[in-house]
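Okay, here we've got a single chain as structure tokens, the form predicted alone, with questions on binding and movement later.
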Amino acid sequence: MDPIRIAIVGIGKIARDQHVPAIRGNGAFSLAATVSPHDAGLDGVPHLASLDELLTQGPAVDAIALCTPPQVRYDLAAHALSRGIHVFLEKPPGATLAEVEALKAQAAKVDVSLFAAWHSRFAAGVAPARAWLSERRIDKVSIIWREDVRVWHPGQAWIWQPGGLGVFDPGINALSIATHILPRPFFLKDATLVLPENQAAPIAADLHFRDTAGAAIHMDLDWRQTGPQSWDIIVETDAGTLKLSQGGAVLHLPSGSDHGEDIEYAGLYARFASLIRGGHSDVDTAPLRLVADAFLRGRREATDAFHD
């Protein structure tokens, strides 16, 4: 079977660090091209300034991975789908729920695969955590996602603009795990969003959710953390406490701990290949819905200006 010819659209840090090695490590794909108006691309790989140039001048591609900021993603994805090209959406899948739903409907209409890729769901501890929790009563959940924005998102002005999500850009990773491992749906009850006086997106947030059986879920997001960073989900159950740490890479159970290898993006591309070969799509918007609800219902508090 011939490999799937894929182009990466948007060559930033995440594309270079994660997408390129994951594609090159998966025999189902061949990296056919890169696209960016601001980057010179990769040695030995055809590079185009725009998606229009790629689609009119070649090389031919079967799929694209969209690694652009979410604010510009809809038009690119819609254009690719209209040409029968499969689309991988880096998280978050779009700037709004409505545009993601429109892409989902378009992909179904033209029989092309669309994948909303939540990389944290493929962290080593997530699948066994989901299996363990499926047989437990959930009593309480705490999510602590605190990191230093200057370390992890330097110079990314788009992330502070409307649609860029601010601290929810990493926070949505936690929500992608929580919506996957917890056995019951949950919804927002209260939220406080802390916005720098010179930015349009929050630098911190405090959120209270409740699942459909009444279990409390608290989420603490903060981009002002220095020193040790925290990416933890703690679930108290009738059989003891489960903890996922290091963004889902390490699973702690009452019986012991396990630290698996980094397989997130390898898992994403294995899933994308399976979707394409099987003629299916996977567009779960649950994490983005919860973020949208936070912006819809959350109270705003101002804090000091942020300068990168």
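Keep in mind the model is a prediction, meaning the values are calculated, not measured. Residue numbers here begin at 1 and follow the sequence given.
Here the subject shifts to the form predicted together with a small molecule, a form of this protein not shown in this document.
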Q | Contact label in the model of the complex: residue 292 to the small molecule, heavy atom within 4.5 Å | A | no
Q. With the cut-off set at 4.5 Å between non-hydrogen atoms, does residue 11 touch the small molecule in the model of the complex?
A. yes
Q) Could you tell me if residue 96 has a non-hydrogen atom within 4.5 Å of the small molecule in the model of the complex? A) no
Q: Report whether the minimum heavy atom distance between residue 247 and the small molecule in the model of the complex is within 4.5 Å.
A: no
Q: Select from the listed residues 188, 76, 149, 174 the one whose heavy atoms reach within 4.5 Å of the small molecule in the model of the complex.
A: 76
Q) Just one of 225, 199, 156, 179 has a heavy atom within 4.5 Å of the small molecule in the model of the complex. Which one? A) 156
Q. Among 248-256, 25-33, 65-73, 235-243, which stretch has residues whose heavy atoms lie within 4.5 Å of the small molecule in the model of the complex?
A. 65-73
